[in-house]
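Given next, in structure tokens, is a single chain: the form predicted on its own.
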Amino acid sequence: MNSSSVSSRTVITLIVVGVLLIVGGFIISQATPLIFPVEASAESKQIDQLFRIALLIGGAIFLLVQGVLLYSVWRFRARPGDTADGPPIHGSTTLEIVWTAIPAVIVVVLTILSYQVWSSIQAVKDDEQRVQVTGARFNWAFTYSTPDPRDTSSDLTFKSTELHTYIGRPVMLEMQTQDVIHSFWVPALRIKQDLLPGRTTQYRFTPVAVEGETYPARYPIKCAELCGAAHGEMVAWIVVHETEADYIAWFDQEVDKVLNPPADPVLRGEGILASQVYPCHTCHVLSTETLQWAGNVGPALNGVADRAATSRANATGLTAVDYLYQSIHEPGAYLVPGYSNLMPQLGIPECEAWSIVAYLCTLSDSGAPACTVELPAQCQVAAPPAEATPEAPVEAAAEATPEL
């Protein structure tokens, strides 16, 4: 057999092997993402496409390395009775250049493609829905704002434990942490962004329709950064509505709750804690007819009103109301024996804080309030008007009702 025929056969072999490697890498790149969550955003489609390219290249290299390894084990195995050393091989300059140049080219190509995807994801979109995200051990909270119908010169804000949006609406999240580093990770969106103390980070995505999905669709939000004992429980949800009208219907309900809160501050405080927009439930223990908390980081709240009026008042020199208020805004000012200073500054608005204090005052062993809260004037809510009687027509009752 002459050298030209050997050379031709080698070339054909290399071509066949190369085709098989590419086909194998393609199969790996297409099969592996099948176990991933749905692609629920425009960004997830870009990221998955980039990942498939990386898998194709990586899969082909993996098959090449394993194939050469298996061939070498078989082809150069020691024969029975052969105890001699293997032949000395000093390397090949050409081969070293090839296996250095090819990975360098691959890295450059992947860098360019990755930068293009990253730039597309970070680009500012028209008409972005802006939502503020707060991460705290061990809770996510989302703050929405809209012009206040009572005063158009200011905004009305409300919090939710769910992130609501709708298909096709670009979303921009402004994220902050109240304590340690957290990581906002939504598998269905494929994007992960850290929340860093003292900084505001951003996260952009645009929901897309998913074939076969039932709307409103719910996708889990997880913390991907170990942040403490209940890290695994730091889960919230993105709720994607099918249409803008469906989203507005939910939004209007939440606005109505803000515009028409219960007149009783105790009910308001209980509602705030029950909504879980603040991470109180993740650390404290509380067992009532409406609230069942099983935290293990902070002291139990059952009977806290009695302790605030007795042992805590004696230890701090504060009234029960002032002690409870201080515990919300300055959690490190007095530490309950046996507990360390782990509670962050939650930044709870004044009126909400006073409502929570009013509710905590009712958590006594007897069930009767152990303290009474005198709300600031700006935090008082007018009671709804009584039903009109023949002597007091509806119009007169409406006129007599003060504005919120």
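Here the structure is a predicted model, which means the values were calculated and not measured. Counting begins at 1, following the sequence as shown.
Although it is not shown, the form predicted together with heme C is what the next lines describe.
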With heavy atoms only and a cut-off of 4.5 Å, decide whether residue 190 touches heme C in the model of the complex.
-> no
Distance check, residue 335 to heme C in the model of the complex, heavy atom within 4.5 Å | yes
Taking 4.5 angstroms as the cut-off for heavy atoms, does residue 371 touch heme C in the model of the complex?
-> no
Can any non-hydrogen atom of residue 134 be found within 4.5 angstroms of heme C in the model of the complex?
-> no
One stretch from 217-225, 283-291, 103-111, 90-98 that, in the model of the complex, holds residues within 4.5 Å of heme C by heavy atom | 283-291
Tell me, out of 298, 170, 271, 261, which residue has a non-hydrogen atom within 4.5 angstroms of heme C in the model of the complex.
-> 298
Identify, from the list 66, 366, 340, 30, the residue with a heavy atom within 4.5 Å of heme C in the model of the complex.
-> 340
Judged by heavy atom distances of 4.5 Å or less, which residues of 308-327 approach heme C in the model of the complex?
-> 312, 323, 324, 327
